[in-house]
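As structure tokens, one chain now follows by itself in the form predicted on its own.
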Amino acid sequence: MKPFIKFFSSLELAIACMVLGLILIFIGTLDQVNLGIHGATERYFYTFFVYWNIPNTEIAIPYFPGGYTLGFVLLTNLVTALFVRFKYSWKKVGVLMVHFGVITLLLGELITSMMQTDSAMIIDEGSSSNFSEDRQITELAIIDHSHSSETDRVYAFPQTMLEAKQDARHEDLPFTVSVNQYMPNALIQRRDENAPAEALIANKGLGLQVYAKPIPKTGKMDDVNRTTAMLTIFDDSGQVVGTWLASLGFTAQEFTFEGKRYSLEIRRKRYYYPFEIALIDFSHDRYLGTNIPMNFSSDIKLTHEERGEEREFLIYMNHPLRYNGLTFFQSGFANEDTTTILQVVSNPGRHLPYISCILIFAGLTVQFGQGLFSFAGRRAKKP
């Protein structure tokens, strides 16, 4: 084990990881022009290897270590060095604090990449909401409108089931939804005599008017991946009820089965909360004589019935609301300044970068302070 431990605790390995990390950041930053922030993050940083796809094939060849690989190797190097190479003494307290700071930073980024959720809560003036919608992940929703006169019952199936073409079934549903085709992103076109043969499969709903053409997935901030699927519903005996084309952005498509009203849609994944936020007033200030936004803010009322809480709060730029482990940022607006868009971020590791910066700053201060006092002491002893 000695060669193995020596390799992972070596200073050369740490320097190599840092150099490769700089190259990775440089390449990933340049490729943001083509892939967007989310696309570049997924391809270069939230992966073990960066792959090159051979043109006109589905073969991908790894050619560079990704962010997970470099982070894991550097983390292993730092931890191993603390047990093997590091000589503990009061003179090394600053260096030790810097090491722990970097380790905390790496762990914080790992937790963020794996557990952070980023969603949006859209609220109209005078209305309220208790859920937010994911910006990247979708779900298939089957809605039972006949459940009761006041509420609908919603059955939500995750995007991973659509990607794996796994049948969507539930013990309370009298039918099964089968995924014939799944498209992470698609171009919706009007159905006519020039439509391809696979577009003619849909015989219910909006699929009779339009069809979907697969296109590459995008990661740009201003672009939307229109998740699309061709869905066939079977009854318990295996008979085909119909085939629908469902896509993100389509309205819910209603159908009747055994005398009950249902609808299906592909929508953004929803996160429900035990509290409710109502929009009292939305303000949008512009620079005088222009349409350039200067400031916009949301006056909201938060109600948590289980805790008996009810309070008002003003959310504006650089002044978010932090509540129940969530952070609500003022993100945007819509519908001529009557609808607010709040960005909702859940990140269990949000405090670790601050702790890391404090440790690194304190460690460097202690280390340079010790060097300064040592230098001043030696100089004072000279005749």
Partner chain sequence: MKKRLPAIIAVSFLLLYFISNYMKQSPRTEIDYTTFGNTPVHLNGRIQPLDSVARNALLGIRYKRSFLNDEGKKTSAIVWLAEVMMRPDLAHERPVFRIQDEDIRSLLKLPKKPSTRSKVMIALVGPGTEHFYFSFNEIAPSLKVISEQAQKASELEDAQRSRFQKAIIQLARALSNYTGLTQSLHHGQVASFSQEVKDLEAFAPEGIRAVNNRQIGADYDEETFNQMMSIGFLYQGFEQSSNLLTLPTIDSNGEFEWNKTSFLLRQVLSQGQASEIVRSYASVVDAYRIEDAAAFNENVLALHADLKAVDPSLVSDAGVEQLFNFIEPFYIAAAGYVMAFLAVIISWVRWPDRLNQAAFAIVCACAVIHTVGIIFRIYIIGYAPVINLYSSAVFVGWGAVLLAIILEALYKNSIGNATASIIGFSTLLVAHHLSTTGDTLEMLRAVLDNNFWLATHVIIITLGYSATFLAGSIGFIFILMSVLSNRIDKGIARTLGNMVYGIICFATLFSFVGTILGGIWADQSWGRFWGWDPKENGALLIVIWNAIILHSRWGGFAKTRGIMMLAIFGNVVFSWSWFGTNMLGIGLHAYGFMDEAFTYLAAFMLLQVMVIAIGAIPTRFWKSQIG
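Definition used throughout: the rigid core is the maximal C-alpha set that superposes within 1.5 Å between two forms. Given the structure is predicted, the values throughout are model-derived calculations rather than measurements. Residue numbers count along the first chain shown, from 1.
Another form, the form predicted in complex with the partner chain, is not on view; read the next lines as being about it.
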The single option of E139, E109, D144, E125 touching the partner chain in the model of the complex, heavy atom within 4.5 Å
E109
Contact with the partner chain in the model of the complex, heavy atom within 4.5 Å, among L206, M183, V241, V102 goes to V102
What I'd like checked is whether T29, Y287 and N318 together line the partner chain in the model of the complex, meaning each has a non-hydrogen atom within 4.5 Å of it.
yes
Check R43 for me: does it contact the partner chain in the model of the complex (non-hydrogen atoms, 4.5 angstroms)?
no
Is there any non-hydrogen atom of F361 lying within 4.5 Å of the partner chain in the model of the complex?
yes
With the partner left out of view, is R379 within 4.5 angstroms of the partner chain in the model of the complex by any non-hydrogen atom?
yes
Do F373 and the partner chain share at least one heavy atom pair within 4.5 Å in the model of the complex?
no
Any idea which of 172-180, 295-303, 247-255, 125-133 reaches within 4.5 Å of the partner chain in the model of the complex, heavy atoms considered?
295-303
Which residues within 8-30 place at least one heavy atom within 4.5 Å of the partner chain in the model of the complex?
L11, E12, I15, M18, V19, L22, I25, F26, T29, L30
Using a rigid core alignment, state whether the CA of L372 is displaced by 2 Å or more between the shown form and the other one.
yes
Determine, after fitting the two forms on their core, whether Y287 shows a C-alpha shift of 2 Å or more between the shown form and the other one.
yes
